[in-house]
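What follows is a single chain, given as structure tokens, in the form predicted alone.
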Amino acid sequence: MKIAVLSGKGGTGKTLVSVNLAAVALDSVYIDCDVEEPNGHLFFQPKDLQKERVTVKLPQADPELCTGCRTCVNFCKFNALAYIKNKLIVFNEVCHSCGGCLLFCPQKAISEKEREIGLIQSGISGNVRVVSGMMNIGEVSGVPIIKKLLQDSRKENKNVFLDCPPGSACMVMESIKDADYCILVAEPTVFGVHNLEMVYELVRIFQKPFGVVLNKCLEEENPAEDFCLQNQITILEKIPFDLELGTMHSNGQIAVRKHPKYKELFLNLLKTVSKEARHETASDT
């Protein structure tokens, strides 16, 4: 089962939830799809690290064969190509590596070269295989790295926990594409409701079964909880505002490995999520 954990912004607790769920499961895989700022490995401190480069393909023209017909320029809807002063210019940042220019070039003057945009690092931490995508500084999109992460995860027969990027943009869409169930993490504030609405709309568009974890809850008004009740959204768990839990997390410690009460909390959450996911799967058949 693949469980995606997402939130409308960073800092709501999605890494807290995904790391602790992966750690409390008997045998699991944690995949950090937050490739711009991956931090799950800081908690797990995985051993036996292996690294793999992630590259994309970019077009390059042979000046001896290129006649300047501009067929490739006219084909590219991303405006990644221009023919200026008798030379084909490629704008790497906006090229989507679709390969269409290569196919349509009548002179067969275009070939492809590889450019590194990041890496995938994997290792072991106790019962968890930890896989992190890391995008190079200055790159525009981490989608190719996430595609590679998810492609490799399809071979897994264990529970897979996807720590998604914050927000609801392309990288989040790519991260949840194969997910069997989505956990939306929200804070108990008016702004928290705004962020929750973003990912709520996203999982509905993708028709993904989902539930909400309310984090940092106090014994007072909770607009995010009100939003869930008004929209008949399943609340999976309410994690209290807890100084001890926050301190452990800020110190890079995995709560379920440090304290029995947090192990019980996240074990119960895992049971609830598994039950919800099975129910949704049964409802679809």
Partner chain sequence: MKIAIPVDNNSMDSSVCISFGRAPYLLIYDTETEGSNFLDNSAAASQGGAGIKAAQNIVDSGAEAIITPRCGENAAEVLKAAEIKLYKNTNNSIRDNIESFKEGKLSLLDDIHPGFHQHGGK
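Residue numbers count along the first chain shown, from 1. Since the model is a prediction, treat every value here as computed from it, not as a measurement.
Absent from the display: the form predicted together with the partner chain. The rest refers to it.
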item	value
Heavy atom within 4.5 Å of the partner chain in the predicted bound form - the one residue of F191, F91, F206, F104 that qualifies	F91
Option touching the partner chain, based on a heavy atom within 4.5 Å in the predicted bound form, out of E244, E52, E36, D62	E36
Q151: touches the partner chain in the predicted bound form, heavy atom cutoff 4.5 angstroms	no
The partner chain contact at I110 in the predicted bound form, heavy atom, 4.5 Å	no
The partner chain contact in the predicted bound form: K57, any heavy atom under 4.5 Å	no
Close approach of C170 to the partner chain in the predicted bound form, 4.5 Å, heavy atom	yes
The partner chain in the predicted bound form reached by all of L81, I84 and S141, non-hydrogen atom within 4.5 Å	yes
Region of this chain that lies against the partner chain in the predicted bound form, out of 121-129, 72-80, 180-188, 207-215 [heavy atom, 4.5 Å]	72-80
Any residue of 98-137 that, in the predicted bound form, places a heavy atom within 4.5 Å of the partner chain	none
